[in-house]
Structures are given as C-alpha cells and as structure tokens.
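Just one chain follows, in the form predicted alone, and it is written as structure tokens.
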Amino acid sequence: MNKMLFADPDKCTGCNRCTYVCSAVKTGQFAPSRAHIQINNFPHKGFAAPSICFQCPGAPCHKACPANAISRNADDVVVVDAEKCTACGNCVTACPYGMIEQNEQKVAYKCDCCDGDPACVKECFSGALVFQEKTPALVKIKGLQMKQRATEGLPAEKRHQLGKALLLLSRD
C-alpha cells in the first residue's frame, strides 16, 4: 500500500465530523455509532483520540475468520467480504483495538479506507487524520498507538482503553 491512514491524537478536537461523514458514506445515515472510525472524547481532560483500523500486519481479525471473509485488497487494506461473513464474531473478539464490529445482522464491518479516498480525512479540518505515504514521524505515532492493545472487552471498551492509554502517553 502506498498510502496509509494515520491518526494524530494531539491534533484531534473531538468534533466527530469524521464519524458523521463515515457513517453517511458507509450506511447512508448520520449515525456516528455505525461509523468505521470512532473518537474517544475525554472532555474534562481536553483530549480526544481517533480510533482507526491500523491495517495490522498479521491482522488478528483475518486470522480469526473461519470463513475467509477477511482478506487484504490490492492496496494492502484489510477488508471484509460481507457475502462470505458467517456472523460468528470471531474477528470482533480478535481485534485488540476494537475496530471491527458487527451490524444488526451480525455481519462484520471495519474501515476499508474508502477504496483509497477516505471521507474522514477530507472532513478532518484539524489534520488529525491523514492518508499519505509513511513518514518517520507518522510511523512513530502509529507504532506507539499499536502498542496499546486490549485483550478483553467489547469493541467500545477496547477503543476507550486505547484512548485512555494515548491520553496518558500524550501527558508524559
């Protein structure tokens, strides 16, 4: 993949514009809870952190899928084939960042980088979300974020744990 999606929590304002546009593009509704990106807001701390799919090397969601419904596309983005998904939820449990969920029919969904043109990035006026070639600074931020894994909990709990860990990192 030439370009990757990166999130810089130090630039996030917590406005949630990214979640609104993502849900509109992916579901046809302004329903942030259905977005493929989520924001962890800590208003009393003055901090917000975007939760994005890291497109993990050796993606745990991919490994956990017994139906081969999760694969990598030509751009090296981890994608879900809804037609193959058996709604088992193994991928949801396997993701240490809480970035794969199931819809009302229990079909898995996650960020697919909008086929190389992420709507969330276009909507992010603060520059907290970028879709670009790797740079040493962005790779460092992503590496620190990926170290903040959660082993238990629902996706929202895992994302909250990630956001809380990023808050502590930013205050060091």
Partner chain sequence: MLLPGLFVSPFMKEKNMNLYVGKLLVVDLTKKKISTEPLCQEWIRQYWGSWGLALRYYWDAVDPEVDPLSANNVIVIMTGPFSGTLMPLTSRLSLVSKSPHTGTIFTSNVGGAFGPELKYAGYDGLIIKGASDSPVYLKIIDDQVSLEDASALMGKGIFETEECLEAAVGFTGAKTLAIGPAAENLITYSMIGSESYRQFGRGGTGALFGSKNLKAVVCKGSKSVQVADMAKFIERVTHYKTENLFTEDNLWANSDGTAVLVDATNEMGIHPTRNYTAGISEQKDTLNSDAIKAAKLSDRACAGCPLGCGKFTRIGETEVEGPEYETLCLGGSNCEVHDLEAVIKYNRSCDDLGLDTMSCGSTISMAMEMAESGRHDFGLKFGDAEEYLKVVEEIANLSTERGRDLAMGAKKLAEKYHSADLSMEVKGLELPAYEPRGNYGMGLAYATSERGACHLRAFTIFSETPFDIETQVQDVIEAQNFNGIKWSMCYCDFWGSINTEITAELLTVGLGEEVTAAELDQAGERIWNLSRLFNQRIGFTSKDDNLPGKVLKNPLKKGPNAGKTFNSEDFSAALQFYYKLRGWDEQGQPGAAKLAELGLDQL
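Positions refer to the first chain, counted from 1. What you see is a predicted model; the values in this text were computed from it and never measured.
This protein has a second form, the form predicted in complex with its partner chain, left out of what is shown; the following refers to that one.
Only one of 50 to 58, 137 to 145, 27 to 35, 63 to 71 lies within 4.5 Å of its partner chain in the predicted bound form by heavy atoms, and it is 27 to 35. By the criterion of a heavy atom within 4.5 Å, F42 is counted among the residues contacting its partner chain in the predicted bound form.
Heavy atoms of R17 reach within 4.5 Å of its partner chain in the predicted bound form, making it an interface residue. The closest heavy atom approach of E133 to its partner chain in the predicted bound form falls outside 4.5 Å. Under a 4.5 angstroms non-hydrogen atom cutoff, its partner chain in the predicted bound form has C12 among its neighbouring residues. Contacts of stretch 101 to 117 with its partner chain in the predicted bound form, defined by any heavy atom lying within 4.5 Å, are made by N103, E104, Q105, C114, D117, listed in sequence order.
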